[in-house]
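Shown here is one chain on its own, the form predicted alone, set out as structure tokens.
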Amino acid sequence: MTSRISLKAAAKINLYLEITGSRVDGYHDLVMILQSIDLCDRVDIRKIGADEIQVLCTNPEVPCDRTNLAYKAAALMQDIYPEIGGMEIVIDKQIPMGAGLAGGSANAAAVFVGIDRLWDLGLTQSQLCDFAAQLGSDIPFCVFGGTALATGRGEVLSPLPDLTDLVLVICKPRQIEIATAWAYQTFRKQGLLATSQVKNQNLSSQIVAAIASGGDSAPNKIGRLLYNDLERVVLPEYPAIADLKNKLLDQECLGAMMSGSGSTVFAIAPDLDRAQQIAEAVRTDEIDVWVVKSLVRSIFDA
């Protein structure tokens, strides 16, 4: 019987994020379009003799205790399937923290998928997503992967046609990390839902149609329809992120936007050569830059 498994866990970006309502559970009703990208962490899971969970990470800033989402995913699976016993989880961290790229959620998703495969539990993707939803709104998508429409608080997923070979430039200001909870709480406190810029415009339907249209023109259509409600909170508070977005827009990209609650900003490029040029134009000692492509899945063998 196999005693270990190694998986890649992909980051995600939001091509669209609209806040449509407040919920009594403290979350918000959302309409999002989520996309997996090939900026990945590696997650190694190994069976150990003791019943404990051990988490190790190459980034010393990542907590390896019970607050880590990968730990929480393992603990939840131990509660449901006590026969699986203990495990060591080693995370090779490449996805930046506090970036709006769901790095922690991706690690948790890899743990759910890895435990299912390593212990041959035979779970369906739907069952894994149900477990994932107990821990966080982004984790079900990180199990699901590809291109998806997310509603509810982000856990209700509907697959969209795969975006293949979408070329992106991902930019992260090195010194800025933004807490997702802060962004949403501030949005609510400022009453921004009442002044929605896109309500009743059916903008989400337009970008879904652009994705479904496929072909060479799809990236251009998508780039014109990018939208993120949380920019209304984050950009005024963090002018450096607004400046970075404007710098990308000046580089003849097809569109640029902050992902999730930030601090990452991304641009859609017409091709790989132009993406490399954009990356060189915006890269500094203070800004990390990656040129990536879209993925059709989010968890795969390392």
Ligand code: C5P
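Residue numbers here begin at 1 and follow the sequence given. Computed from a predicted structure; not experimentally measured.
There is another form of the same protein, the form predicted in complex with cytidine-5'-monophosphate (C5P); it is not shown, and what comes next is about it.
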Practice task
Select, from the options 90 to 98, 196 to 204, 214 to 222, 131 to 139, the stretch whose residues sit within 4.5 angstroms of cytidine-5'-monophosphate (C5P) in the model of the complex by heavy atom distance.
Solution key: 131 to 139
Handout entry: Interface residue in the model of the complex among Y227, Y184, W119, Y71, criterion: non-hydrogen atom within 4.5 angstroms of cytidine-5'-monophosphate (C5P)
Key = Y184
Exercise for the section: State yes or no: in the model of the complex, is some non-hydrogen atom of P236 no more than 4.5 angstroms from a non-hydrogen atom of cytidine-5'-monophosphate (C5P)? Expected result: no
Practice task
Give a yes or no for R153: in the model of the complex, does one of its heavy atoms lie within 4.5 Å of a heavy atom belonging to cytidine-5'-monophosphate (C5P)?
Solution key: yes
Handout entry: cytidine-5'-monophosphate (C5P) contact in the model of the complex: T180, any heavy atom under 4.5 Å
Key = yes
Handout entry: Contact label in the model of the complex: H28 to cytidine-5'-monophosphate (C5P), heavy atom within 4.5 Å
Key = yes
